[in-house]
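In structure tokens, the next block holds one chain alone, the form predicted on its own.
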């Protein structure tokens, strides 16, 4: 057995024992939540979770969402060029007007995710509620999903990991990306980036159920213009942006 295989087995054994991982079929919880939904209870398609990001309220110098994501998911955030970063800030400039916009970009949680289409093992999957995830137990690190993602939202873990967060299993040789803080969502909480943005006084990120016309996010989308990044691809992302 190679060192890589031995490390993979060790990680999987740890994850199975410590996190009580469930079946990986789409529509079923990946991890046992600390509170709330019972492990055997399937996720339904009644809700579709998503984000609405108002770039008019997102400041170029603010990285509260990035910092919160790193802390919540056990990412070091030490070296942007080499370490995993599930949210990155992108600066845009309109060459015609000179107008600038700063926006956080993460996994867009597409309705038709190309990462799922190309995955040879089924490790990449979309839950019934719209959250796109990677099952680390069967990810072989082929990186096809990374190449297929038009948002460059995925990365491969190259090095052994330590001091991981109990709710967020990670492993060397596997691909990862924003999970929309699924462990928090399953407990009835908002993603860490949303909480941090609100605490910083920005309120630029709205989280909620896109299928519920009475939700704050659905009302905003109905009232104000918003766009999906690369809408021309027909992927119907669950993340929308105002002001770009």
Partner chain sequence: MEIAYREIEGRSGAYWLLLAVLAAVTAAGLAGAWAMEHHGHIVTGMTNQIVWGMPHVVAVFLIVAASGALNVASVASVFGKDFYKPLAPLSGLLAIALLAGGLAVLMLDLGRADRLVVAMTRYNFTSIFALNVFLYTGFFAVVALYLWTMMERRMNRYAKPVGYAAFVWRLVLTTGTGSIFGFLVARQAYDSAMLAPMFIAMSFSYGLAVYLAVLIAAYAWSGRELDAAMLRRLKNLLIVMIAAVLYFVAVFHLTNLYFARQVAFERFVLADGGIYPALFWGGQMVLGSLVPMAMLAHPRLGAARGTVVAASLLVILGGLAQMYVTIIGGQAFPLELFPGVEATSSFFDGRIHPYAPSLPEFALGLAGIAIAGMIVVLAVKLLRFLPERLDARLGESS
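Because the structure is a prediction, the values reported are computed rather than measured. Numbering follows the first chain given and starts at 1.
Another form exists, predicted in complex with its partner chain; not displayed. Remarks below refer to it.
Enquirer: Answer with yes or no whether residue 221 is in contact with its partner chain in the model of the complex, where contact means some heavy atom within 4.5 Å.
Expert: No, residue 221 is distant from the partner.
Enquirer: Can any non-hydrogen atom of residue 83 be found within 4.5 angstroms of its partner chain in the model of the complex?
Expert: Taking the distances in the model of the complex, the answer for residue 83 is yes, it comes within 4.5 Å of its partner chain.
Enquirer: Using 4.5 Å between non-hydrogen atoms, is residue 110 touching its partner chain in the model of the complex?
Expert: It does not: once its partner chain is placed as it appears in the model of the complex, residue 110 has no heavy atom within 4.5 Å of it.
Enquirer: Using a 4.5 Å cut-off on any heavy atom, which residues of 143-163 would contact its partner chain in the model of the complex?
Expert: Residues within 4.5 Å: 143, 144, 146, 147, 148, 149, 150, 151, 152, 154, 155, 156, 158, 159, 160.
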